[in-house]
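Next comes just one chain, in structure tokens: the form predicted on its own.
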Amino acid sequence: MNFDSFKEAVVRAAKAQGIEEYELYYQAGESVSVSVFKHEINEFSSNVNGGVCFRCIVGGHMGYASTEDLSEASAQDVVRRAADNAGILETQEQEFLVEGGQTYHPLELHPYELPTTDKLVETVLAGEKAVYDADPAVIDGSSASARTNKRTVAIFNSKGLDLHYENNSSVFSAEAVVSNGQEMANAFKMEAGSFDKLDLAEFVKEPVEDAKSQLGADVAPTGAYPVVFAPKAMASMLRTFAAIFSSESTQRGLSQLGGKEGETIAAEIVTLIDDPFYPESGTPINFDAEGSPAVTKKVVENGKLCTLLYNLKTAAAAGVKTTGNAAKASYNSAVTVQPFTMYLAPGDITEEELLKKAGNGVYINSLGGMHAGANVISGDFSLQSAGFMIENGVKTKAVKSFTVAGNFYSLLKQITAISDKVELPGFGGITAFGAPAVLVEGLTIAGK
């Protein structure tokens, strides 16, 4: 039985049980991944997964049940189980389903044909060879990998909602490990898009040069410096602390931004955007996991918190409209809140001009220990870092094995300059994070 037939079976089962408010969420995916190590394929996987989640409101409570079996008997069973689950809940929170007939932003998709398995194998083998060929300093441990993914989402409910979405994506990544005979260093790069446009020799230059730049690095001296976060480092910070902009976090007391919409929380030059249609995200989508229209929004504009991110339940609790940011990690997950593509808007100066503004400080292009060294509730962070010293406005000697410490809430107010180029250093499904390079004043560096 396909999804359309299963949907009809669910409608019959819900009607038979007298359930008037319900939703059926369908998600399916197919993925193939290949990686190479020491010139041989060391990992190959092919995965097909998916299923449906049925939600219904009974007695004011929302019951969930899910299945991977799209059969007539399963349709009856999943409806019964969801109704039973709703009956045992004691929560007093209001539950909602999205009304049909709303307007959705047209998608500007740029589909491309996914590579075959043979093409994946050919690309990763050639990619690893390109890493080795790029420089004599490259040693064993270098690798390449590729992945393709097909994703289908459909939402149907009793209020006239009937939505469908399909998306294909492919990703290539390479890691370079280099040595000067005394020490080793590594760097990684990932890029999404058609493999037909992938210039492997050009692609691997960046991770190879990044890795080589770390050789002979010294420990940064301890002190308070102007710090320039490279785009990928700033995107990593944004990914780590993005939950502070979620209404779920504020309503649970896990974010300090509760009740601060309309207030200044960042420097005037800071604008933070959540865009479900960002062209480089790889997975544009025009509805969220509840079926609400997805919209581009300025979460922060010129330093002012314009809105938190909401789904239907958190929006009702706050007395506002949903921002269309309902999310589900998988078909059988509960509805949460997540951004689509969240990025810091670019400034109007180049990264070179940003370095000149910094004068003398530290350039950070690598952050580690995000899980252990960052407290999302307090905003405090103390993170292992690597990068370069900035002397007279120019990147000079490489530095490593130092920590950068501060507070993310304070960091937003300490940003004094932003470069003009946003980078999206890889993405994972629907959610992605991007940033330009930023200059932050007054952070603490702990080194030698």
Partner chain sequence: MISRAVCEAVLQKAASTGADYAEIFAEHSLDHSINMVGGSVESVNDTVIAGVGIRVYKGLRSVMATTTDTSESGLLRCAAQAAEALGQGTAQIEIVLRERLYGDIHPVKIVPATVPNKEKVDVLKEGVFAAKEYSDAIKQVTGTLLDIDHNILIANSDGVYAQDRQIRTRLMVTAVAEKNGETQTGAARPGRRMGMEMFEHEVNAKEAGIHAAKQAITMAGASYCKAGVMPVAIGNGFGGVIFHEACGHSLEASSVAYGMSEFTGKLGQQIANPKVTAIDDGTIPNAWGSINVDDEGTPAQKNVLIENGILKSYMIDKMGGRRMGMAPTGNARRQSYAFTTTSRMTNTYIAEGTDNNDDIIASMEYGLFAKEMGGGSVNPVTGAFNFAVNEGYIVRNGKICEPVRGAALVGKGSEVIQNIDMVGTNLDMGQGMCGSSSGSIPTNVGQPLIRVSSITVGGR
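Definition used throughout: the rigid core is the maximal C-alpha set that superposes within 1.5 Å between two forms. Since we're looking at a predicted model, the values are computed, not measured. Residue numbers count along the first chain shown, from 1.
The discussion below concerns the form predicted together with the partner chain, not included here.
- Comparing 284-292, 351-359, 326-334, 233-241 against the partner chain in the model of the complex, the single stretch with non-hydrogen atoms within 4.5 angstroms of it is 326-334.
- This chain is displayed alone, yet in the model of the complex one of G259, G160, G181, G253 has a heavy atom within 4.5 Å of the partner chain; that residue is G253.
- D84 is the sole member of D84, E99, E301, E209 with a non-hydrogen atom lying within 4.5 angstroms of the partner chain in the model of the complex.
- The partner chain is not drawn, but in the model of the complex it has a heavy atom within 4.5 Å of D380.
- In the model of the complex, at least one heavy atom of A65 sits within 4.5 Å of the partner chain.
- Although the partner is absent here, G369 sits close enough that one of its heavy atoms falls within 4.5 Å of the partner chain in the model of the complex.
- Although the partner is absent here, D420 is not a contact residue: none of its heavy atoms lies within 4.5 angstroms of the partner chain in the model of the complex.
- If you take 163-177 and check each residue for a heavy atom within 4.5 Å of the partner chain in the model of the complex, you get E175, V177, in sequence order.
- Relative to the superposed rigid core, A329 undergoes a CA displacement of at least 2 Å between the shown form and the other one.
- For N85, a C-alpha deviation of 2 angstroms or more is recorded between the shown form and the other one after rigid-core alignment.
- G406 is not among the residues whose C-alpha shifts by 2 Å or more between the shown form and the other one once the rigid core is aligned; its shift stays under 2 Å.
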